[in-house]
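Shown next as C-alpha cells: one chain only, the form predicted alone.
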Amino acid sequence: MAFSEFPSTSGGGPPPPWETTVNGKIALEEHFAIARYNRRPQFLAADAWRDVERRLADFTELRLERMDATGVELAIISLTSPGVQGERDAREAVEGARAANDALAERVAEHPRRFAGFAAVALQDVDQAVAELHRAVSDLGFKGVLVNSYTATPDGTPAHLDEERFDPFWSALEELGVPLYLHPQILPADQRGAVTKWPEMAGPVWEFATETSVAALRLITSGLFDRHPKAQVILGHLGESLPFNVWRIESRMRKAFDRVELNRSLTSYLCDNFYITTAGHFYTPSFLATVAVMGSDRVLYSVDYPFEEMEEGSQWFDNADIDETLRHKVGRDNSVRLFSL
C-alpha cells in the first residue's frame, strides 16, 4: 500500500525500498537544535548523546535520507527540549525563540515539500510570545507551536500553561487556528526526589510521562478549555499514559473531597481538545487502546527523531496488524486535516 509517491531528495545512492514501506507518512514530533540549545540532557548517556547531537543539527545529510528510506514524506520540525522554556532571562528567551524560528524557516524553505515547522515561543514574556506566534504562523508559514511544558522564571519557579496569565496566548492560538504541541520536560527541581534517588526512571523512561500527563490534566481541570473551547493540544508518546488512565482519573475525581466543577467530563475534554501521537511508543496493544479511547481521527503518526529511530517507528507502523483505513488516517490523513496541508 502506498499513501502517495514523492521524489527522493537525499541525493545519490540506491533508491529507497518503497516496496517495503508505507509511503507518504507525516511525522510531527521531530526535533532540531541551534547551537545555543544543543546541550546533552542529563538523563542521556554521553556515548548516546554524541550521535543525537549530530543529528539534531542536521537536516539534509542524515534526516532526509532516513525520511526517504522510511516513507516519511513530511516532517514537522520543532526545537528540542527544554529549549526556550529553560531560559530564566526573558530577553534571552525572546532572542532565542526568534533565532530558532528563523533558523528553522531557512531550512524549511530549502525543502518546503519535506519540512514544515512548529514555532518556539518565549512565554517568559507573554506579549512577546503572542507576537512571535503570529510572526511564525502568518509570516514564516509554521503549522503551530511546540512548548516544552512549563516555563522557567527568574527565580526558578516553573510557570505552567494553565495559569491565567497565559490566556492571551491561548486566545492567539484560537484566533490563528493552530495547535500547541505539549512536549515533556524533566520534572521541576523540587519534584525530582524519586528520580534523583532512582535515576534509571529519569527522562523518557518514566519522568516525562509523569510530568506531561500532570501538565495536560492541569489544562483540563483549570477550566482552560471552558475559556478557550477551540484550543487544540497535541500529546506525544501515546498520550503520556492519559488514554489508559482517564477512566480511573475521572471516576476518582467524582468522589474527591475537593471536586473540580467543569462544564464537561474529563474524558470529553481529552477526546475533543487533544490529539495523540505515536512518537516514541511503537507498541500495537497500546496504540489500539489509544485509538479506542480517542477515536481514529485523533491519533497521529510520529517518531521523535533523533531521540528515536525512524526505521524502528516505520517498521512497526507499516507492519502493525491494524485496519488499512486506520493506517491511512493515522499515518497521513489526520495530519493533513489538522494542519490544512
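Sequential numbering from 1, following the sequence displayed. Since the model is a prediction, treat every value here as computed from it, not as a measurement.
Form predicted in complex with a small molecule: not shown, discussed below.
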Does the small molecule come within 4.5 Å of a heavy atom in each of 41, 183 and 307 in the predicted bound form? yes
Assert contact_stretch over 41 to 49, 293 to 301, 65 to 73, 268 to 276 against the small molecule in the predicted bound form, heavy atom within 4.5 Å, equals 41 to 49
Contact with the small molecule in the predicted bound form, heavy atom within 4.5 Å, among 86, 223, 158, 204 goes to 204
Of 170, 115, 208, 142, which residue is found within 4.5 angstroms of the small molecule in the predicted bound form when only non-hydrogen atoms are counted? 208
So, residue 101 and the small molecule: in the predicted bound form, are they within 4.5 Å at any heavy atom pair? no
Does the 4.5 Å heavy atom contact test between residue 149 and the small molecule in the predicted bound form come out positive? no
Interface membership of residue 31, the small molecule in the predicted bound form, 4.5 Å heavy atom rule: yes
If you check in the predicted bound form, is residue 81 within 4.5 Å of the small molecule, heavy atoms only? yes
